[in-house]
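Have a look below at one chain only, the form predicted alone, in structure tokens format.
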């Protein structure tokens, strides 16, 4: 078995979906599971629907109409005959979504988010599956919510691995090309859950682990994993090979090409991961597997923007020790702050966090009851793996450096 994952950019319009078929023609599609994301920026568009719905805003109908029109425009290009069965299937899904929005009573944002946003993946896979069947690439569409079983942690669900493995083996016929959705799961009550943003990579890894696949390939609009973001750095280098350990380090620090959760199940079974270009499917791309940390051996740059730097000190100048730090971490967990850097001294404790769920004000209010608090919003965190001093000096120019931290292999800078 092999597992492919195609992200939003690879199915953003009719031409892209036709190109996906070209990729499958090039690679072959025997013994294959294909995991597909929502089309283009549809997750963002559905997030606007969620926001307008919860705010009871008049813009909700317009936001939903935009989502529906986007998909029907693609349908009309791929299926000129309006009598094709896919139109009914897509119509049914959008009616299901409208029914939820009309009858739901919950105001829990995370729950509503998962029940609404999932339709991006459900509709995209229906369209791609129908198109491939039309093109004589026979496939079976399965609902990943019936395969990936999770806890109730909406928007960032944890996987029940034993039950998930049983369900996947039951649903996936290895002799037939299988299409399914990234990002989605379901809990014991069969309510939809999601695996976190960019969770489609993780979905591919889950299917690969449970099926004992020989490889996972993530198809992107870049030639593979680069040593830096080309939108920020003029000169970048393609990494031909990365070890599991190095890739996990890079994912932890925020490298956006590979989802942080994706690598762990693959490493456990030593399933290689390939990152390749859907524009040039015959190119080798990047492999993540056992072996040398990096080929070629170069410095790697990772940037996290819109971070918050929080510095705490005790009100009575007492030491910041285990009890105090433990209290801080409980609050960071409670308010769902992703911690990206930690530094402490005798009477101070500093963290860089990602305010993903917009709970910063609540966190700061709680912290101020026990600590002196200083903070800076909208800072950038640069992480340089396998750094060289001259590269750090060059990077620092033009920035105000608020914090600098160094270990054997890694340099981190907080700048504004």
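If you're wondering where the values come from, they're calculated on a predicted model, not measured in any experiment. Numbering follows the first chain given and starts at 1.
Here the subject shifts to the form predicted in complex with a small molecule, a form of this protein not shown in this document.
Novice: Could you check which residue among 77, 89, 327, 221 gets a heavy atom within 4.5 Å of the small molecule in the model of the complex?
Specialist: Contact residue from the list: 221.
Novice: Only one of 248, 337, 226, 168 comes within 4.5 Å of the small molecule in the model of the complex by heavy atoms, so just point that one out.
Specialist: Filtering the options by heavy-atom distance leaves 226.
Novice: Given the stretches 69 to 77, 314 to 322, 142 to 150, 228 to 236, which is the single one in contact with the small molecule in the model of the complex, using a heavy atom cutoff of 4.5 Å?
Specialist: That would be stretch 228 to 236.
Novice: Within 4.5 Å, heavy atoms only: does residue 198 come near the small molecule in the model of the complex?
Specialist: Result yes; residue 198 sits at the interface with the small molecule in the model of the complex.
Novice: Would residue 256 show up as a contact with the small molecule in the model of the complex if we use heavy atoms at 4.5 Å?
Specialist: Flag for residue 256 set to yes.
Novice: I'd like to know if residue 395 sits close to the small molecule in the model of the complex, meaning any non-hydrogen atom pair within 4.5 angstroms.
Specialist: Contact with the small molecule, no.
Novice: Is there any non-hydrogen atom of residue 401 lying within 4.5 Å of the small molecule in the model of the complex?
Specialist: Contact check for residue 401: no, nothing within 4.5 Å of the small molecule in the model of the complex.
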